[in-house]
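To begin, one chain is listed below as structure tokens, in the form predicted alone.
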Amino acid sequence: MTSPTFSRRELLRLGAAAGGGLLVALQLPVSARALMGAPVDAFVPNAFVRVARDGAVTVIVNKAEMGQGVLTSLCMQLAEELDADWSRVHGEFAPVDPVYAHPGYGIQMTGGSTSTLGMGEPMRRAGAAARAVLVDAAAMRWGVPASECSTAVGRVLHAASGRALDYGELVDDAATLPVPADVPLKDPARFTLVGKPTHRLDTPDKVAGRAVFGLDVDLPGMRVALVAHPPTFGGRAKSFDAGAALAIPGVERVFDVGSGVAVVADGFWAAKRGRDALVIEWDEGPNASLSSDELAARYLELARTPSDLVARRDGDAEAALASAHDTYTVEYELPYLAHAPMEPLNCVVDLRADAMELWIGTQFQTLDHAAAAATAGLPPDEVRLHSTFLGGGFGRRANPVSDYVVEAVKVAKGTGAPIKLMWTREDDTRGGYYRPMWTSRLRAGLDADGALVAWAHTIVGQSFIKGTPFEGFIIHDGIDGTSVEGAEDLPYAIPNVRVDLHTTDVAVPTLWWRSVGHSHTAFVVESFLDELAHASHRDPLALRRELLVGHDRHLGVLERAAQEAGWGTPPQPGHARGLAVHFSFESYVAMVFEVAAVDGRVRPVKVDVAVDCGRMVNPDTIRAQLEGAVGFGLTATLYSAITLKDGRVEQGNFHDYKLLRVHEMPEVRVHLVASDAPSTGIGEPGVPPVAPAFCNALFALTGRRVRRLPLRDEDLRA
């Protein structure tokens, strides 16, 4: 990878401005170039679309589909420019090839809520180019100028003569014609598909059980493998006795793969019983005494000392604090979090002497493919990666070191048969990767009139970017941009602002988690601003209005959510409201939570969500993602925490790492704010405002201010 000099945010803005259209080539992937110039059953003008003789259109999607709807939204954008018959369009996952690389990051990946932002325009260009060739083919057959032809619903039309040809009838002619390098795109005012609520393409197969997830893959002669991992981070197996494991019917092999001890069997339950029967002596390593409580105390001590790593400095916050009429100091704490995707981690490997195939649901096709090839000792061209559907990812399946993929290949090398490596939920919860633990200390100063004149924010936590391929353009002057995002870009008009960072060195493996740094900064910033509003006897909405000078899109979603929720009108008895607004992944989201006292407990009953994510592709997907984000965010607010004791993670499965249940879900009302700006992220931006909006409503109802997540039982007493 190259390392651009721009920041992560600048990269995203570049993508939003350019649409990625000039950054992604549309040539065929290596595996398909042999089709050019040869008799084929389809017209294949570029890497992203294939038109068959029966008129069916296949869109090649270079992103992972893990429930976020990208398989449909990217197909919609290509089909819009192609003027395809939507009923004959389906999506197909792309092979691993440089042509499918993310336009900014340079690798094939899904993350950062950049799928539509980065690939929307390239998909449109691919569709427009294909349409232009089909029009040329029809015009040549009819002997008329191409300018006299139009397209609609998968057909080329010649209005003057009343003739029409289905795209499938033009496949052979189109295959002989050159593909234009640059074709004008439609005016969005002429869109017939994009912007309209559209049923997802993958729903029928998922409902019918035809969709293939990684766990569904089954090969002839395949074995199942589980690995016993060390109970502590950095531990290793000193020795093991495989006798009892090998005595389990179905267990065939037991061997050390470096990351742990693998048990290979003819099925999952045999492998699990064999692993349970292993006798292993562990070297627990240097981290056997890690404790969440000790780390929390250390983090608080660091937070009380400003750092030399300053992410933002406006004016002189220290001087303004010293001269302020009133000052406020608070400390916020957030725990480690697991990703906990519904489908546990898995990878199928068929390793032969001179080639290898992988079946995996991955967010990092390029890196996983490269790591698998290197581990197998094979040239990359001899390794084929098949992307499957993902039963959730949230960042866990975007691991720069490809941990479980490398482990699967190592097991396959020692087995001699196709294998399916599986991690149980306990394996990943106790020995995977985590959203870092964070501590923030904030200080604010108000003048005699109650105006906010100073804001100082010290952040403490780990960097998961250091040592990855992304370090070069995310870490600048020692500051990891993902640690301070949502804090250093504070939108409020405060004359004196300082944001600084302590990056800790802890052995707990960390990784991006849905909404990344915004998952902690939004809670801290929007909660503290609410505190200051109440301390100065201001309405929280009115204070934000005054401070969001020049931030029209922030204000737009804030006003819309407040209006829809009835802010300013008295809630019914026993109810209260709280709000928050946040910008992340180039999108703007505001939420107003309504909570109520029910049977002595505070419950979320309703949330109004307003979103501005630029030009909408599929409104149905936007609503679904925001509804899901509310559930995901409430889970982290009410329940989720990974804690350490004696170097071990104390949680294991959904009984002690709880998820929000369906009956606990509030009514979610999503309000879409129309915009002509480029389409931006929607998979993650709905998560950050959830915790602060809920906790601000909790304060409005009970008078209890929460500065530590997840909430405890006593926090929720009505």
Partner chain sequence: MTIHFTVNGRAVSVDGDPSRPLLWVLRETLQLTGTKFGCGAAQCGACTVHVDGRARRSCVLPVLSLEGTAVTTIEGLAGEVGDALVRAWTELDVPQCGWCQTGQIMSAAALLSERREPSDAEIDVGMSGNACRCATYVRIRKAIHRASALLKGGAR
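The model shown is predicted, which means the values in this text are computed figures rather than measured ones. Positions refer to the first chain, counted from 1.
This protein has a second form, the form predicted together with the partner chain, left out of what is shown; the following refers to that one.
Checked against the partner chain in the model of the complex, the residues A42, V673, A56, V668 give one hit for a heavy atom within 4.5 Å, which is V668. Between the partner chain and the residues L378, A101, L215, A311, the one pair within 4.5 Å by heavy atoms in the model of the complex involves L215.
Remark: of stretches 615-623, 435-443, 175-183, 328-336, the one touching the partner chain in the model of the complex is 615-623 (heavy atom within 4.5 Å). In the model of the complex, W269 approaches the partner chain with a heavy atom inside 4.5 Å.
The closest non-hydrogen atom of G391 lies within 4.5 Å of the partner chain in the model of the complex. Interface membership of G67, defined by any non-hydrogen atom within 4.5 Å of the partner chain in the model of the complex, is confirmed. Heavy atoms of A160 never reach within 4.5 Å of the partner chain in the model of the complex, leaving it off the interface. If you check the partner chain in the model of the complex, you find no heavy atom from any of S259, I280 and R712 within 4.5 Å. Within 4.5 angstroms of the partner chain in the model of the complex, the stretch 617-639 places a non-hydrogen atom from each of D620, R623, A624, Q625, E627, G628, G631, F632, T635, taken in sequence order.
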